[in-house]
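Below sits a lone chain in structure tokens, taken as the form predicted on its own.
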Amino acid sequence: MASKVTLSLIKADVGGYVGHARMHPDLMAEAARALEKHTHAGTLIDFRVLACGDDVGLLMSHDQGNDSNKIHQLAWNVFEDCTEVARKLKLYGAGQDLLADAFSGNIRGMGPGVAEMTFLERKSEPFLVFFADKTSAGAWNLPLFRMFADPFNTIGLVISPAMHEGYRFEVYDVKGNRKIVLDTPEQMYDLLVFIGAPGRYMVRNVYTKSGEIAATSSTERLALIAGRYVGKDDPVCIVRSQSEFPAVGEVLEPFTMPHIVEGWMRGSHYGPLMPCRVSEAHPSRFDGPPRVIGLGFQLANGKLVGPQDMFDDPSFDESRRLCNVIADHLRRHGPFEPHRLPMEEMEYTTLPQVMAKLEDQWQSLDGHKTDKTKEKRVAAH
């Protein structure tokens, strides 16, 4: 009987070059050396070291299953090694995403983003990896909905018998620490109630109705883990393609519209998500606009064949042009909403530190300074 294979995509910001623009090649080389050693030792079947902006991503195939202590420990060690290189080079924000002092059994909740799936490899197993920078974990909600639930995007939902029954969405409420599973098309409107608010509700996994994993994404929110702003989430996503899943072209089609995501400069602004070539994945204008790369692979007995740079295609030129038009318009708003995030989201940035210094200058509308001590007593009762 064939054994299952696991794809683990684990990313972290371990130091930017220059500022938050891109990864230094020495960090990429350090990660590749470490993973090569573990491939020869048999821990991994194969690997690729990826980069988008100032984040490094470790794409690993293995037979350890999801949430493997061994694989997560390996990734943590690689990020620590890369952090040491970043410190020697005095790169900006060295070790930024490593929120714990030491590995504690599972890398989830320690800062890095994780997307993993385990499955039996098909006769032909194409899959795509998406890696974003300068944005948050909810950035995949709209693309995943369009891939797996929107017939105007994915014609296979209408005309393919293998897809016609629809898909099952697992949604995380990252602020409420709970999840819900909703079927499409039956519960499509219910699904949109939640995933239309991507700052809180995020698509974690998509399955076929028979339970086969179709897509998975990282949902880690750095600010919620750390309790303060320490950088954007810069999420990753893995999507299987063809046969009972959307075709490669259907998976890519949602990115022809640069939808608006939170992030950009200081994690405090809305901006358009630009689908870019790997060679263009180093955002610099106002530390942005937010970027996404799409890499295509074939899996062959656990080996990674690829990647193919899926956005290295002139058919996405108009999307990139429109992204710049939107970016121009939003930038003209400066510190005003809707370019700047709403106040409830700014609570997770550095703005509260500025506001705290002005607290004593506020006065009640009857002309007196507010008595914060009295207010606290009233609120307590």
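Just so it is clear, the model here is predicted, and its values are computed rather than measured. One-based numbering along the sequence shown.
There is another form of this protein, the form predicted together with ligand F6R, and it is not shown here; the text below is about that form.
Of the candidate stretches 257-265, 304-312, 79-87, 157-165, only 257-265 has residues with heavy atoms within 4.5 Å of ligand F6R in the predicted bound form. Residue contact with ligand F6R in the predicted bound form: residue 287 places a heavy atom within 4.5 Å of it. Within 4.5 Å of some heavy atom of ligand F6R in the predicted bound form lies at least one heavy atom of residue 92. Residue 134 is the only one in 128-159 with at least one heavy atom within 4.5 Å of ligand F6R in the predicted bound form.
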